Structure formats: C-alpha cells, structure tokens
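Below you will find one chain, with nothing else, as structure tokens; this is the form predicted on its own, and questions on how it binds or moves follow later.
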C-alpha cells in the first residue's frame, strides 16, 4: 500500500508541476514487482510507451532472482559450481553493482540474497531469525566472491552459499534505460516511475524543472515532507517504512546492514538520492540509509550527488544542493 501511495503522490506532484504542458498522458503496467507509470506530454510520443514496457519486461525476465528462467536465478543456482554466461544488460548491471559495493565500502551489497530470505521479506512468512542463522549466512556475502569475466561475459559466485540479489539497484538501472530509450525515440519531456524510483526527462516547455515530492513516512494517506526540482535525473528514496513487519512490538524493516545481517539502525528515517545515474541513485539510497547522516554527506560530496535526508530527530537535511 505504501508503494502505491508513493506512486500516486509523485504522479500528482508531477501532474501539478506540468499543468502548462500539452495534455500529459500516462500508462500503467505492473512489472518488476511494482506498479510502473510512464508519462509523456506530446501525442506523438505516446507510441514510444509500449517500447518502454517491453524493455522493462525483458529486464525483469533476466533479473528476477525468483524466476527460474532468469539469468540471476541461474547464477545463484550454479553458485560454487560454474560460471554462467549472461546477456550484455545483465553483465553491465552486475558489474555496476560490484563497483558500487566497493564505492560504499559494502553498505550496498548485492550478495545479501540468502540473508534477506532468512527474514522472509519477499514472502508472507516474515520471521526474526536467530543470531546464529544470521551470522552463518553473513559470512557468505564477501563481494570478492563475485567473479566477472568481461571477455567471456560470465558471472560466477565462488561461494556455494552466496546469492545475488539486485533488488536494491535494478529499478534505478531500469528507469535510466527506460529514459535512454525514450530519448532515443525523440521524446524530450517524460517521466518514468517504477514504484517510487522516478526518472524525469527534460524540462517543462518554459524551461522550469520538474518538481518531485518525497513521501512523508508518517503520513498514512500520503503527503510529502520535501520536494526537489530536477531534470534528466533519477530520484530514489529508501526508508524503513516501505516494507516491514512487527514482532513482539518491534518493527523490523527490509533494509539490512550487510555487516550485521539485521535491519539497519542508523539515524535516518528516509533518504532520497538525486543523480543522473539511476543505478547509483538506487544503490546509494540503500547504502546511505545503512551508513547514516554523516557518512551520507561524505559519500554525496565525493560522488557529487544530491540528497534529501529525514533524520531520527525529524530534521530535514538538504545535502549538496
């Protein structure tokens, strides 16, 4: 439900900020386990939307680790056994994930699949695993065990207990590929919204930037605590309010600290990353939520990206603006 609220909120804000455009037109499809929306502003651009959804479905078929016919599923199935040949798209994304893991000192780690499964966040059987269960699987998440052969285009997990999970980067990557596709078709103004992973293309006809709202995590019926103006950029938000469960009065959210294998307990309630690099924005939003405010500032300054943070003290911080 929260993902729907975020999607509706962002769509509404984009619509409000585009009231002087040429009849915004939006189509929706459920892909990559989320409601996706593509909006264009010229009648002639509507024909390009079908191509975007086709691209997203193709990416999903390769990257969904629970789909037995996907490339990521085959990589995990053959962990500790043999390298797996993959498509160019999959290889490039996994290579990007590897690099961003190093860039964040492991705060974003694409090998957390089996640890995440322990908690049951992708199922209806959420549970709080024991410390022994967690530690036994955290020991199998070393990024050095992800071996990429660029010449052969293969991916190999050295550790048989490791599992690749691209859920914290795939939508950001896909939103940028979708934006690139629209631009290649001559689309000058559009928005791609993959369940809250937003990529905006171009600007208003009068040169104004788009306005994107960031959901207020305390608002059950929507609402936002900040807005950002941007063009040709992704806006990706991470927060513990988006997917969680409660056991014995304790809230457990899905953003795990790779060091502990437990839900992150940093001083951030929400973090939004704004960058022209959709994959980076997605991965950094997860990493920064784990790292906390001070490290977020350092990371954003080092990589020259903007961020909006809501701290545990309910302070709104604009970083690198």
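Positions refer to the first chain, counted from 1. What you see is a predicted model, and the numbers here were worked out from it, not measured in a lab.
The same protein has a further form, the form predicted in complex with adenosine monophosphate (AMP), not shown here; the description that follows concerns it.
At the 4.5 Å threshold, heavy atoms of residue 168 reach adenosine monophosphate (AMP) in the model of the complex.
The closest heavy atom approach of residue 97 to adenosine monophosphate (AMP) in the model of the complex falls outside 4.5 Å. Proximity of residue 163 to adenosine monophosphate (AMP) in the model of the complex: non-hydrogen atoms within 4.5 Å are absent; the residue sits far from the partner. Though the partner is left out of this view, residue 108 does reach within 4.5 Å of adenosine monophosphate (AMP) in the model of the complex, counting heavy atoms only.
The listed set 63, 279, 290, 52 contains one residue whose heavy atoms approach adenosine monophosphate (AMP) in the model of the complex to within 4.5 Å, identified as 290. For the options 188, 122, 89, 159, the residue carrying a heavy atom within 4.5 angstroms of adenosine monophosphate (AMP) in the model of the complex is 122. By the 4.5 Å heavy atom rule, the three marked residues 176, 196 and 272 all fail to count as contacting adenosine monophosphate (AMP) in the model of the complex. Only one listed stretch (292-300, 25-33, 55-63, 256-264) carries heavy atoms within 4.5 Å of adenosine monophosphate (AMP) in the model of the complex, and that stretch is 256-264.
Residues 238, 242, 243, 254 are the members of 237-254 with a non-hydrogen atom no more than 4.5 angstroms from adenosine monophosphate (AMP) in the model of the complex.
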